Every structure is written in C-alpha cells, then in structure tokens.
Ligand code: ASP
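The data below hold one chain only, encoded as structure tokens and taken in the form predicted on its own.
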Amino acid sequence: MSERIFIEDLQNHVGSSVTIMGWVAVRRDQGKMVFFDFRDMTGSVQGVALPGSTAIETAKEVKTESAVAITGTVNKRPEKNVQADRQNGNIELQIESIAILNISETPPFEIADTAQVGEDTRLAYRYIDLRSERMQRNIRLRSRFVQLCREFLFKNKFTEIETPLLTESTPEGSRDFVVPSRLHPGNFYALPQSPQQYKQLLMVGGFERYFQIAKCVRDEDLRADRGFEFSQIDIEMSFVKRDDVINLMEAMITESVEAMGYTIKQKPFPRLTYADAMEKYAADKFDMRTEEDKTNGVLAYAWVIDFPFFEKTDDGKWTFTHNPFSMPKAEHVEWLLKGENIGEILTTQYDLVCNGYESGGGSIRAHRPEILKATYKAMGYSDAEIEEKIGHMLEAFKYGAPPHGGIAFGIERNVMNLANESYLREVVAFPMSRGGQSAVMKAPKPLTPEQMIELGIKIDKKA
C-alpha cells in the first residue's frame, strides 16, 4: 500500500495511482459498477469500481461508514460530468483495491443532517454525530478562532500560563463544583469558576501579560448558551487602564474574525454605557443587526461600559453585579472606601456583546488591599470573613501589586455567533444534555461503597 494522500490534495495527483483513507459516506450499487463518496477530515471525493476490477466484489459488500483504505487512479472527469458545486467535482477516483480497515454496523441515524435527530440520541452516539459536515465545520471553526486569538496574543508579548484546576471555594458569583479530599477528610477543593484570582496573582508575580485557554466550571442552571463547563480565552495585563485593554482586545477580535472571512458591522466597535444600553435596548446584551445583516452573517460588536458596581439581593443586602475584584471608577473610589452611596458606585467593568450575546467581559482590578477589602465590607462581610475568603489576595497586594486589568472571552459564545448556531452543544465536541448528563459516558452516577468509605462521605438519603 502506498503512502496515504489526503482527499483535499488529490487535485495534485491527476493521472497517478494513490491511496486515500477515510470513511464510506455513500455507496451506490449500479449493478455492473459501484459508485462511492469517500470522506476524510479534509473533504470528500467520488470513486467508482468498474466491472472486472479486482475491487468490484469488495465494493458490493462494504457498508457505509466503514473505515477503508482505497487505492486507485485519479482521473479527470469529462467536461459534461463535472460537478462544479462540490469539492473535487472535476475528478474521480477509479478504484483499484479496497481494504476494509473496520466494518461499520448500520449507524443509529443518518449522518447527512443530524440536526433533525433527537438530542438524547445525538449525545449517546456523539462520535457518530461528529462525523456530520455541520459538526466537523463547527469544531474546526472553533479551533481556528482559538488559534488566531492565540497567535495575536503571542505577537503582543503575552505568555501562556496554566493555573490550577483544584483550588479553593471562593465567592465569585456562582455555585462551585466541589471535590472531596482523600488526604484531608471532611475538606473539599473547588473546581475553578474562572482563573480570576490566579491571573491577578500572576500580575503580582511580574508576568505583566498572561493568557490561557481556560476550562471553567460553574454549577449554574443550564440553558441554550450555558453549560456546567465552558472554555474561555482568559487574559490579564499589567500597567493598563480601561481603554488600553479595550483597544487591544478589539484589535484581537477584529484581526481574528476578519482573517476567517467575516464582516464586522461597525469599526471601531460602538461603546455604550450600561445606562444608555438599558434605555435603548432594555438589555445589556443586544443585537444591532438588520435583517439583511443577519442574512449575510454580519457580526455586530459593541462595548458596554460604566456598569453599576453593586445591586441589592432579595434580602436587601448589597452584592456585586459582575466581579468583586473590580476597581470602581476613579471618581467613586472614595465613596467605596467610606462606604457611601453604594448604589451609585460605577465600576470599570466592560462587556463585549455581539449579535445579542455576551462575548466577553472584564474590568480593571482593585490592586490595593484597602479597596478590595472595602468591596467586601460593602457587601456585609466581617473582618474575619474577609480574611477567610480573600486574605491571601490582601496579603499579595501589599507587595507592589501593579495596576492591572483583563478580560475573558467565552469560546462557545463566540463560536456560536461565527457558526450561526443557537445552542452551545453545536460548537462543543462532547456537551452535556439539558438535564446535566454527560455525552456518551454516564455521569453523574453514584460512587462505589469502597470509594465512599475512602473519601469519608455518607449520603443522607432523606435530603
């Protein structure tokens, strides 16, 4: 068997005998001849087994979706048979031999259009669903978007740094997923809702420009554009003000999506205060596109700035609207330090919205310990509670913490816009179901009695 050629490269081998490897997408038995569509990760091509060829008997038996190696000659099609609307529509593979690498049973659904298949079935057989043209396109689109953003960041002096997955439970706005400790019975780690504190500590550590493709986990109610776990392009910068971050991040998004062939509605991106957005759109996540824009796949980005720092809880206390680590606007710092006019304090938070979704969000951070402490004071925390929750941050900020700020872009939300999809599951390889069940594997499920004993856990079945 000769060296494998990818299907997208067959145009360079017209007149030559080659070997391709992939899957049987379509088989059409015409009696004397058998036609195929073969598919690999780079595309598809038609092949034909002619009467009297050594491949004809195997061609009549091989099933669709079987993994195969095909050796044959790449021929130009006659002009009248050229299919200009499909990849490789001007060539055909005259099959010389078919090696069945792994036979396929009949798939549980047609792969041509899996959008019409029920969610439970698609997720149970996600590895089959992923073979569809739509899912192949979406997952590769995701990869390309991340690649372009990563290249932009490297080009602008950022360092990619990983932060821990096992960390401390801290108040960041959502419920934590927790992990029991075998070595410390009765104690728990938390999975990160975001790398927020670690990336700020990296600024204290002098790295100045950090990013990572971060996995985040939040025990939130599920919806079409939100799951228990998600990925974000997480970014932090030292010695910056709000406009420094906004301008650089706008350049990253613009350069990346335009390199992928998309059109942006307005550049520079419009900037609206939170108050103006609520007055004009009655929401801080809005869609500025016309019907024509939607038809043409235009991306309408805008920044929302000047958010309220605090809002009232149901029991009348104050809580943060976005992030407790944010810096108030300069003119409101004294109000925070004195505990005055809490409801009127604006923060340096900035959100990037696109086509009705929040695509990213961040802020300039509090880098002085007294400001961060005052934020928790405003929310009713005692000195002892503040020390317990964020004492490590207050300590770190005593040692020359630089002014810093950052942002995080939700990868799924951004790719949903690029792919014109409405559900997060369409841009994730192995998403969870609406009921919080994992795809393919069976989670969550009970631990074994031995595991429970080892971890020192008992379940109250009455709860």
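All residue numbers refer to positions in the sequence shown, first residue = 1. All values reported here derive from a predicted model rather than from experimental measurement.
There is another form of this protein, the form predicted together with this ligand, and it is not shown here; the text below is about that form.
This chain is drawn without this ligand; in the predicted complex, the residue among N355, S256, S363, Q212 with a heavy atom within 4.5 Å of it is S363. Taking T163, S194, T167, S132 one by one, only a single residue has any non-hydrogen atom within 4.5 Å of this ligand in the predicted complex, and it is S194. Stretch-level contact analysis of 279-287, 99-107, 194-202, 377-385 against this ligand in the predicted complex, using heavy atoms and a 4.5 Å limit, identifies 194-202. Contact check for A419: no non-hydrogen atom falls within 4.5 Å of this ligand in the predicted complex.
Not displayed here, this ligand is kept clear of M432 by more than 4.5 Å at the level of heavy atoms in the predicted complex.
Within 4.5 Å of any heavy atom of this ligand in the predicted complex lies no heavy atom of I70. Under a 4.5 angstroms non-hydrogen atom cutoff, this ligand in the predicted complex lacks V34 among its neighbouring residues. Contact annotation for 397-434: residues with any non-hydrogen atom within 4.5 angstroms of this ligand in the predicted complex are G406, I407, A408, listed in sequence order.
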